[in-house]
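Below you will find one chain, with nothing else, as structure tokens; this is the form predicted alone, and questions on how it binds or moves follow later.
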Amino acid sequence: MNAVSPGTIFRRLLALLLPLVLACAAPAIAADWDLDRLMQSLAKTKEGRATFVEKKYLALLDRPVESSGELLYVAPDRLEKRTVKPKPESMLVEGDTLSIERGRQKHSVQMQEYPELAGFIDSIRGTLAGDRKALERSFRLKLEGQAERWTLNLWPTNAKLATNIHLVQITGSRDNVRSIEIIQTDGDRSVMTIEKVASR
């Protein structure tokens, strides 16, 4: 019988024990993941660009209404949505001003005049900025999952917002927001799938 060298024994033990070590280490890493960690991770992104596909499921329609385009974000409060299909449209939120451009028509409103709209937009901007305090002004938060695949649930606590929106559900992986689903109180909902565009 051939003698087994100490090096071979070590490699075999390592092969047996490594999966066990990694399995034991995983819960420790997961235990560190919480809402504050998510917010800190999101806050590191100072600007970003992404493509989106949005589907709106309305009770009155048999099929979802689909649109697509581009999102641009600059911390802490500039968010632009450029819809390309089915019709060009631009929506820019900067500070407290919302501007909408559709064809030759342009409109601007102060969001403080529309608290339910402001609360909704703040749910997205607050998440992108990693601003927990801003989110908690209008929502009750609950984080599920782990860093690689998380879901942030936002239930409105603002009474006016709660009359229209039942839940905002945002999913992501680490500092990347992957989707935003808005479930209205009347059952209608929209799902926006987001794909980050790599920096040039």
Partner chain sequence: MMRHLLQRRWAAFALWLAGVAVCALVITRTTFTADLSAFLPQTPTPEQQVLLDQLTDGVVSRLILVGIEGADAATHAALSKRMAQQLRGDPAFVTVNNGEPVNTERDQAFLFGNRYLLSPAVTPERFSVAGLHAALNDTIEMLASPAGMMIKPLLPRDPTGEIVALFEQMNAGNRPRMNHGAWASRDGARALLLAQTRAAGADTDGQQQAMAQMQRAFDAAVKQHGAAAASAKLAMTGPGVFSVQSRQTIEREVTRLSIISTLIIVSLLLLVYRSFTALALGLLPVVSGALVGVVAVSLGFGLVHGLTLGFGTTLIGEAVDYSIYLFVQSRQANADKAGAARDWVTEFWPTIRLGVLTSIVGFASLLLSSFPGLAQLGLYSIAGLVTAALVTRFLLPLMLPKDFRIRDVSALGNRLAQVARRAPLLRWPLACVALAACVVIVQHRDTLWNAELSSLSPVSQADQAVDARLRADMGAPDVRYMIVVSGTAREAVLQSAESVARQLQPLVEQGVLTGFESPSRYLPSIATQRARQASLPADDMAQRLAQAVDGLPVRAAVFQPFLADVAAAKARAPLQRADLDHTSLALAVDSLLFQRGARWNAMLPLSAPASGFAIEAVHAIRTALAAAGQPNALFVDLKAESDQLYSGYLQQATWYSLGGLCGIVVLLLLSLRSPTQVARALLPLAAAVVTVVAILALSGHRLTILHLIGLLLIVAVGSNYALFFTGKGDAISPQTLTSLVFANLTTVSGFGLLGFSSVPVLQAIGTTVGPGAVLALVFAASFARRQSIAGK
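Positions refer to the first chain, counted from 1. Only a predicted model underlies this, so the values are computations on that prediction, with no experimental measurement involved.
There is also a form predicted in complex with the partner chain; it is not shown, and the following applies to it.
Under a 4.5 angstroms non-hydrogen atom cutoff, the partner chain in the predicted complex lacks R78 among its neighbouring residues.
The partner chain is not drawn, but in the predicted complex it has no heavy atom within 4.5 Å of A159. The shortest heavy atom separation between L58 and the partner chain in the predicted complex is within 4.5 Å. Although the partner is absent here, E54 is a contact residue: one of its heavy atoms lies within 4.5 angstroms of the partner chain in the predicted complex. Note on the interface: of 150-158, 62-70, 128-136, 40-48, the segment with non-hydrogen atoms within 4.5 angstroms of the partner chain in the predicted complex is 62-70.
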